[in-house]
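The chain below stands alone and is given as C-alpha coordinates, in the form predicted alone.
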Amino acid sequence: MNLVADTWFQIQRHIRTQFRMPVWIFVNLFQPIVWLVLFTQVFKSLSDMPGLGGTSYLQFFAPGVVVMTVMFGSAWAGMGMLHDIDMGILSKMLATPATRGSIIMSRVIASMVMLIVQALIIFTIAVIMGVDLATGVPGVLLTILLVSMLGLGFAAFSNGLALLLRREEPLIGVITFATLPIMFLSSTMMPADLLPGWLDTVRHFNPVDYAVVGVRGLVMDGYIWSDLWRSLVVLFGWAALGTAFGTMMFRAKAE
(Lines give C-alpha, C1' and ligand atoms only; values in the text may rest on other atoms or scores of the structure.)
Protein backbone atom coordinates (compact mmCIF):
# COMPACT_ATOMS: atom_id res chain seq x y z
CA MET A 1 0.00 0.00 0.00
CA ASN A 2 2.89 2.38 0.75
CA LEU A 3 4.23 1.81 -2.76
CA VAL A 4 0.93 2.89 -4.34
CA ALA A 5 0.51 5.93 -2.07
CA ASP A 6 4.12 7.05 -2.49
CA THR A 7 3.94 6.60 -6.26
CA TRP A 8 0.68 8.56 -6.51
CA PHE A 9 2.05 11.43 -4.42
CA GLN A 10 5.18 11.71 -6.54
CA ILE A 11 3.25 11.44 -9.83
CA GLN A 12 1.32 14.55 -8.79
CA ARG A 13 4.58 16.32 -8.01
CA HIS A 14 6.10 15.48 -11.42
CA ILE A 15 2.98 16.53 -13.32
CA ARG A 16 2.80 19.85 -11.44
CA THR A 17 6.46 20.42 -12.27
CA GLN A 18 5.81 19.89 -15.98
CA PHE A 19 2.82 22.24 -15.97
CA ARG A 20 5.08 24.94 -14.54
CA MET A 21 7.03 24.77 -17.83
CA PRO A 22 4.36 25.55 -20.46
CA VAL A 23 7.02 26.39 -23.05
CA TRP A 24 8.31 22.81 -22.89
CA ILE A 25 4.77 21.47 -23.32
CA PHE A 26 4.26 23.77 -26.32
CA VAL A 27 7.51 22.64 -27.95
CA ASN A 28 6.61 18.97 -27.46
CA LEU A 29 3.25 19.59 -29.17
CA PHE A 30 4.47 21.94 -31.88
CA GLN A 31 6.86 19.49 -33.52
CA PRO A 32 4.33 16.69 -34.16
CA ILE A 33 1.81 19.28 -35.39
CA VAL A 34 4.44 20.44 -37.91
CA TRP A 35 4.90 16.83 -39.03
CA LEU A 36 1.16 16.37 -39.35
CA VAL A 37 0.56 19.58 -41.30
CA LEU A 38 3.71 20.00 -43.40
CA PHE A 39 4.82 16.42 -44.09
CA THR A 40 1.37 15.41 -45.28
CA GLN A 41 1.41 18.32 -47.75
CA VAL A 42 4.98 17.71 -48.95
CA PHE A 43 4.30 14.00 -49.57
CA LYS A 44 0.67 14.41 -50.65
CA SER A 45 1.37 13.00 -54.12
CA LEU A 46 2.49 9.69 -52.60
CA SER A 47 -1.16 8.68 -52.30
CA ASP A 48 -0.97 7.62 -55.97
CA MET A 49 1.81 5.08 -55.28
CA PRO A 50 0.91 1.35 -55.21
CA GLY A 51 1.82 0.84 -51.54
CA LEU A 52 -0.80 3.31 -50.37
CA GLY A 53 -3.59 2.04 -52.59
CA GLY A 54 -5.07 5.49 -53.16
CA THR A 55 -5.29 6.29 -49.44
CA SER A 56 -4.39 9.88 -48.59
CA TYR A 57 -0.95 10.34 -47.11
CA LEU A 58 -2.58 12.15 -44.18
CA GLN A 59 -4.59 9.02 -43.35
CA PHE A 60 -1.44 6.90 -43.66
CA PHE A 61 0.97 9.17 -41.78
CA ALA A 62 -1.22 10.37 -38.88
CA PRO A 63 -0.83 7.12 -36.86
CA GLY A 64 2.93 7.44 -37.26
CA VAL A 65 2.82 10.99 -35.88
CA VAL A 66 0.95 9.77 -32.79
CA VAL A 67 3.61 7.10 -32.24
CA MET A 68 6.46 9.56 -32.85
CA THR A 69 4.97 12.02 -30.35
CA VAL A 70 5.14 9.39 -27.61
CA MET A 71 8.51 7.98 -28.70
CA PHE A 72 10.38 11.30 -28.81
CA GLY A 73 8.73 12.62 -25.65
CA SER A 74 9.47 9.50 -23.61
CA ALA A 75 13.03 9.28 -24.92
CA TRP A 76 13.78 12.63 -23.22
CA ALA A 77 12.20 11.59 -19.89
CA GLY A 78 15.63 11.05 -18.33
CA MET A 79 16.36 14.79 -18.42
CA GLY A 80 14.06 15.24 -15.43
CA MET A 81 15.99 12.60 -13.51
CA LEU A 82 19.23 14.45 -14.26
CA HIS A 83 17.68 17.66 -12.94
CA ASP A 84 16.75 15.92 -9.68
CA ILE A 85 20.29 14.51 -9.41
CA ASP A 86 21.94 17.89 -10.05
CA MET A 87 19.64 19.74 -7.62
CA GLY A 88 20.13 17.15 -4.88
CA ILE A 89 16.43 16.25 -4.93
CA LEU A 90 17.10 12.56 -5.59
CA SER A 91 19.46 12.35 -2.60
CA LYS A 92 16.82 13.94 -0.39
CA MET A 93 14.14 11.56 -1.67
CA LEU A 94 16.39 8.60 -0.88
CA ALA A 95 16.75 9.91 2.69
CA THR A 96 12.95 9.89 3.19
CA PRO A 97 10.81 6.86 4.08
CA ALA A 98 9.42 6.87 0.51
CA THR A 99 9.42 3.42 -1.10
CA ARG A 100 12.44 3.13 -3.39
CA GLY A 101 10.45 1.68 -6.26
CA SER A 102 8.03 4.60 -6.19
CA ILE A 103 10.80 7.10 -6.98
CA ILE A 104 11.52 5.64 -10.42
CA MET A 105 7.99 4.38 -11.12
CA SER A 106 6.35 7.73 -10.44
CA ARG A 107 8.65 9.55 -12.84
CA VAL A 108 8.02 7.08 -15.66
CA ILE A 109 4.25 7.01 -15.11
CA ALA A 110 4.03 10.83 -14.92
CA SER A 111 5.87 11.09 -18.24
CA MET A 112 3.40 8.65 -19.76
CA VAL A 113 0.35 10.57 -18.50
CA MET A 114 1.58 13.77 -20.14
CA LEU A 115 2.46 11.98 -23.38
CA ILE A 116 -0.93 10.26 -23.58
CA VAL A 117 -2.62 13.66 -23.30
CA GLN A 118 -0.37 14.97 -26.09
CA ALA A 119 -1.14 11.91 -28.24
CA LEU A 120 -4.89 12.50 -27.78
CA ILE A 121 -4.45 16.13 -28.83
CA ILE A 122 -2.60 15.02 -31.99
CA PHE A 123 -5.36 12.48 -32.68
CA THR A 124 -7.98 15.22 -32.33
CA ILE A 125 -6.12 17.51 -34.73
CA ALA A 126 -5.76 14.65 -37.22
CA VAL A 127 -9.51 13.97 -37.12
CA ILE A 128 -10.23 17.67 -37.64
CA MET A 129 -7.89 17.58 -40.68
CA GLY A 130 -9.90 14.72 -42.15
CA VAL A 131 -8.54 11.44 -40.79
CA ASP A 132 -11.20 8.73 -40.48
CA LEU A 133 -10.94 6.31 -37.55
CA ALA A 134 -12.00 2.86 -38.76
CA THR A 135 -12.45 1.57 -35.20
CA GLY A 136 -13.82 4.71 -33.52
CA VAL A 137 -13.40 5.36 -29.81
CA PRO A 138 -12.53 1.73 -28.88
CA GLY A 139 -9.71 1.94 -31.41
CA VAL A 140 -8.42 5.11 -29.77
CA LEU A 141 -8.35 3.31 -26.41
CA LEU A 142 -6.39 0.43 -27.92
CA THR A 143 -4.06 2.96 -29.51
CA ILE A 144 -3.42 4.52 -26.11
CA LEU A 145 -2.54 1.07 -24.75
CA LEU A 146 -0.09 0.43 -27.59
CA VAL A 147 1.70 3.77 -27.38
CA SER A 148 1.72 3.61 -23.57
CA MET A 149 3.71 0.39 -23.68
CA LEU A 150 6.10 1.88 -26.24
CA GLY A 151 6.55 5.06 -24.21
CA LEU A 152 6.92 3.16 -20.94
CA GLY A 153 9.87 1.25 -22.36
CA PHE A 154 11.56 4.38 -23.74
CA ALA A 155 10.93 6.43 -20.58
CA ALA A 156 12.34 3.71 -18.33
CA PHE A 157 15.39 3.30 -20.59
CA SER A 158 15.91 7.06 -20.61
CA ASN A 159 15.79 7.29 -16.81
CA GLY A 160 18.14 4.33 -16.54
CA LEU A 161 20.59 6.01 -18.92
CA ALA A 162 20.37 9.24 -16.89
CA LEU A 163 21.34 7.34 -13.76
CA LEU A 164 24.14 5.57 -15.62
CA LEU A 165 25.62 8.61 -17.42
CA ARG A 166 24.92 11.31 -14.79
CA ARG A 167 25.52 14.18 -17.26
CA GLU A 168 23.35 15.98 -19.81
CA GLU A 169 25.84 15.99 -22.69
CA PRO A 170 26.24 12.20 -23.09
CA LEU A 171 22.52 11.62 -22.47
CA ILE A 172 21.57 14.15 -25.15
CA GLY A 173 24.08 12.55 -27.50
CA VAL A 174 22.74 9.03 -26.96
CA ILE A 175 19.09 10.10 -27.34
CA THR A 176 19.76 12.13 -30.47
CA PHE A 177 21.87 9.35 -31.96
CA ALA A 178 19.23 6.69 -31.32
CA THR A 179 15.80 8.23 -31.89
CA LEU A 180 15.98 9.41 -35.51
CA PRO A 181 17.46 6.13 -36.87
CA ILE A 182 14.86 4.18 -34.89
CA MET A 183 12.11 6.23 -36.50
CA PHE A 184 13.48 5.83 -40.04
CA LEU A 185 14.10 2.10 -39.53
CA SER A 186 10.34 1.55 -39.46
CA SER A 187 7.32 1.93 -41.72
CA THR A 188 6.37 5.25 -40.11
CA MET A 189 6.75 7.31 -43.29
CA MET A 190 6.58 4.69 -46.03
CA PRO A 191 4.54 1.52 -46.53
CA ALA A 192 6.51 -1.65 -45.85
CA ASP A 193 6.01 -2.71 -49.49
CA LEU A 194 8.04 0.28 -50.67
CA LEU A 195 10.96 -0.15 -48.27
CA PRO A 196 14.30 -1.63 -49.39
CA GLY A 197 14.67 -5.30 -48.56
CA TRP A 198 17.26 -4.83 -45.81
CA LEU A 199 15.19 -2.11 -44.13
CA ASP A 200 12.06 -4.23 -44.30
CA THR A 201 14.01 -6.95 -42.46
CA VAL A 202 15.44 -4.60 -39.82
CA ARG A 203 12.05 -3.05 -39.00
CA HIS A 204 10.86 -6.40 -37.63
CA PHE A 205 13.31 -5.91 -34.74
CA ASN A 206 12.14 -2.34 -34.06
CA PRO A 207 9.46 -1.86 -31.35
CA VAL A 208 8.45 1.46 -32.94
CA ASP A 209 7.38 -0.36 -36.10
CA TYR A 210 5.10 -2.68 -34.11
CA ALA A 211 3.44 0.36 -32.54
CA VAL A 212 3.03 2.03 -35.95
CA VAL A 213 1.61 -1.13 -37.55
CA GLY A 214 -0.84 -1.64 -34.69
CA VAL A 215 -2.06 1.96 -34.58
CA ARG A 216 -2.20 2.29 -38.37
CA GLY A 217 -4.30 -0.85 -38.62
CA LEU A 218 -6.76 0.51 -36.05
CA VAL A 219 -7.03 3.82 -37.91
CA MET A 220 -7.15 2.58 -41.50
CA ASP A 221 -8.31 -1.05 -41.62
CA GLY A 222 -10.18 -1.97 -38.44
CA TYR A 223 -9.35 -4.80 -36.05
CA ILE A 224 -6.65 -6.90 -37.70
CA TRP A 225 -6.09 -9.13 -34.70
CA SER A 226 -3.02 -10.93 -36.07
CA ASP A 227 -1.17 -7.60 -36.24
CA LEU A 228 -2.68 -6.33 -32.99
CA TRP A 229 -1.71 -9.36 -30.91
CA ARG A 230 1.80 -9.32 -32.34
CA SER A 231 2.14 -5.61 -31.57
CA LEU A 232 0.78 -6.03 -28.04
CA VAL A 233 3.12 -8.91 -27.21
CA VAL A 234 6.21 -7.15 -28.58
CA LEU A 235 5.38 -3.83 -26.91
CA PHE A 236 4.63 -5.45 -23.55
CA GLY A 237 8.00 -7.17 -23.84
CA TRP A 238 9.64 -3.84 -24.72
CA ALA A 239 8.02 -2.16 -21.70
CA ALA A 240 9.17 -4.99 -19.42
CA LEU A 241 12.72 -4.77 -20.78
CA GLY A 242 12.88 -1.00 -20.33
CA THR A 243 11.43 -1.23 -16.82
CA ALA A 244 13.97 -3.90 -15.87
CA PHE A 245 16.84 -1.75 -17.15
CA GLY A 246 15.59 1.39 -15.38
CA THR A 247 15.06 -0.49 -12.12
CA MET A 248 18.47 -2.13 -12.32
CA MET A 249 20.20 1.23 -12.91
CA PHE A 250 18.24 2.81 -10.07
CA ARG A 251 19.30 0.10 -7.62
CA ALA A 252 22.93 0.23 -8.76
CA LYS A 253 23.46 3.95 -9.36
CA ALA A 254 20.91 5.95 -7.33
CA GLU A 255 22.71 5.74 -4.00
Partner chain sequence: MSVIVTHHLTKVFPGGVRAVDGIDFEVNAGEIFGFLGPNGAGKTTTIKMLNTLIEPTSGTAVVAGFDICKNPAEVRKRIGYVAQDVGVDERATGRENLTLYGHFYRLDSKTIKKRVKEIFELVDLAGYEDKIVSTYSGGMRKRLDIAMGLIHRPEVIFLDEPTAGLDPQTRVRIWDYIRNLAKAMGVTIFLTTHYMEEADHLADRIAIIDLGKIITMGTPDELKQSISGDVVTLSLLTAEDDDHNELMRRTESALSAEPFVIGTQAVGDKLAVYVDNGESAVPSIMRLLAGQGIEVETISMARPSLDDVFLKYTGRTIRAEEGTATTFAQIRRKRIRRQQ
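Everything numeric here is computed off the predicted structure, so don't read it as measured data. Positions refer to the first chain, counted from 1.
Although not depicted, the form predicted together with the partner chain is the subject of the following passage.
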(Q) Since only the chain is shown here, I'm wondering whether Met93 would be in contact with the partner chain in the predicted complex (any heavy atom pair within 4.5 Å). (A) yes
Q. Does the 4.5 Å heavy atom contact test between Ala98 and the partner chain in the predicted complex come out positive?
A. yes
Q. How about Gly130: is it within 4.5 Å of the partner chain in the predicted complex, going by heavy atoms?
A. no
Q.
Test of understanding: in the predicted complex, would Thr243 fall inside 4.5 Å of the partner chain by heavy atoms?
A. no
Q.
If the cut-off is 4.5 angstroms on heavy atoms, which of these, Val137, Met87, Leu180, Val117, is the one near the partner chain in the predicted complex?
A. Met87
Q | Triplet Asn2, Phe9 and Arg16 all within 4.5 Å of the partner chain in the predicted complex via a heavy atom | A | yes
Q) For the chain shown here without its partner, which stretch in 137-145, 117-125, 154-162, 79-87 has non-hydrogen atoms within 4.5 angstroms of the partner chain in the predicted complex? A) 79-87
